[in-house]
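What follows is one chain in structure tokens, specifically the form predicted alone.
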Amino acid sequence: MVDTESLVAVLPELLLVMFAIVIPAIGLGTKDSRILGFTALAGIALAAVGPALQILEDRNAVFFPSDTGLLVLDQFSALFMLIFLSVAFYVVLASIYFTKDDKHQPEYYTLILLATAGMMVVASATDLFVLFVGIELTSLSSYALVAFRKKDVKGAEAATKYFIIGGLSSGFALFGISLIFGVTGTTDFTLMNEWLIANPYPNDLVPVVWLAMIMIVVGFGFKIAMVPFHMWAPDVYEGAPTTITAMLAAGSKKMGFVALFKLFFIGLIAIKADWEFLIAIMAILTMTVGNLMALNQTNIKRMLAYSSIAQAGYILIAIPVATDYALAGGIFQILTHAFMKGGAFIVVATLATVAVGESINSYKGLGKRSPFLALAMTIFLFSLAGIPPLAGFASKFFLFWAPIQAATDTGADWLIWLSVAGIINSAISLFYYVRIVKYMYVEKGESEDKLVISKTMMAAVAICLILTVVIGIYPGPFYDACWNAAQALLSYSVPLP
């Protein structure tokens, strides 16, 4: 039965869907991008009220429906809802000017809201099938957004690749989910883990469980651009409108991590010994390949795409460590990455509106042409590299400390190599980040004319910049929220006997 109280759990998603429906109707009466954009911003702000109150007032979890609990609003889902809504907010804010001359703007904002609603469904899902529905809602909206500028050859090519690879990954994930259901008789994460505890490896089902796990990892691995399933990311990030690239990197990619966290920390934690080495190797490969491939890139969006792949490798560290500290550190890294990587892409989008190209050489002399954007980009890049006292340093500190702490407590010394790999890769990344800073402040550009930037785009950059600095200087409250979110997720995990 569905009662009124349980509707609180889905109210944020319902609000976004309602505004997504209203915006095309408004678009029939006006083509003014400001009206459409600010309507979308109002919907995002209203949807954020419930999750914000959930965190600030530390409310009890609310399930929808109350009898089966397919969706839940708790500290974990509320925090990720706020992350996704924050990304959508600054993307829409930047888009008001970025897409002002484009057609089909009502559809553009509607798709952003629907994609965000899908991410929020994933954040609150307690069941694999519900989680899959949320992923597909986001994916289908994202395919269209990547191809939003239909006459852009790169955009059409990127959308085609994204659609084909996305569909393939969904097929892998759905096949794995069906096998899980066939073995355990459920797709509920908690019940799945209970079955694995009660039935420790029936010999005839071991291959099926392994195949299901691998299929789901492959499917979700595409979503987060985990090596070797990363090949789509640079092309899609380069071809998509840059505001949408920011959304993909800072939003939908994090949705994939939410899915992996729920799968491994709840659904498959009973067989951790069977998958921890696999995920650890994938984490090291992902961060290393991403950073090495970024070294020689000449296109800023492709460089940031490979950097985003490397960042995915860092976050993956939390899964094989599988402690509450590791999960909190991984969530904290996701939180900071949403603003520092999203902010970097919004800077690229802002510069594109004043005819600054995507080539890294185009950034020469930017420090004189636009001191604010050059400073913002410098802070975002240094934060991504983990330079104190910025947000990236704080989140990496907690994340890289978790394997060392786990190795000390459990005696599993091999976990320390995850921290070593993360530190070494952070040092490697500093090389290509500093190169861009050098171009902006040391190299002389072809022009020294001052750039006139849109106020809404400057505001979007400022939001990301302020949070990147504030989280770095005052990490305590933000880490506490991540810790509470981790505890909320782990409360659904049945402890091993």
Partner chain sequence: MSVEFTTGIPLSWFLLVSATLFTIGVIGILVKRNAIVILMSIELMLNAANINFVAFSAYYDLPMGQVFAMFSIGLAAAEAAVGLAILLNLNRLKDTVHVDDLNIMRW
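This one's a predicted model, so the numbers in the text were calculated from it and none came from an experiment. Residue numbers count along the first chain shown, from 1.
There is also a form predicted in complex with the partner chain; it is not shown, and the following applies to it.
Taken together, the three residues Phe19, Lys31 and Ala48 all stay farther than 4.5 Å from the partner chain in the predicted complex, as judged by their closest heavy atom. By the criterion of a heavy atom within 4.5 Å, Gly118 is excluded from the residues contacting the partner chain in the predicted complex. Contact annotation: His104 falls outside 4.5 Å of the partner chain in the predicted complex, judged by heavy atom distances. In the predicted complex, the partner chain sits beyond 4.5 Å of every heavy atom of Ile216. Contact annotation for Asp74: none of its heavy atoms lies within 4.5 Å of the partner chain in the predicted complex.
The contact with the partner chain in the predicted complex, taken as any heavy atom within 4.5 Å, belongs to Phe163 out of Phe372, Phe393, Phe89, Phe163. In terms of contact with the partner chain in the predicted complex, the residue from Ala198, Met231, Ala355, Ala412 that brings a heavy atom within 4.5 Å is Met231. Between 144 to 152, 312 to 320, 256 to 264, 79 to 87, the stretch whose residues reach within 4.5 angstroms of the partner chain in the predicted complex through a non-hydrogen atom is 144 to 152. Contacts with the partner chain in the predicted complex, taken as any heavy atom within 4.5 Å, map within 171 to 191 to Gly171, Phe172, Leu174, Phe175, Ile177, Ser178, Leu179, Phe181, Gly182, Gly185, Thr187.
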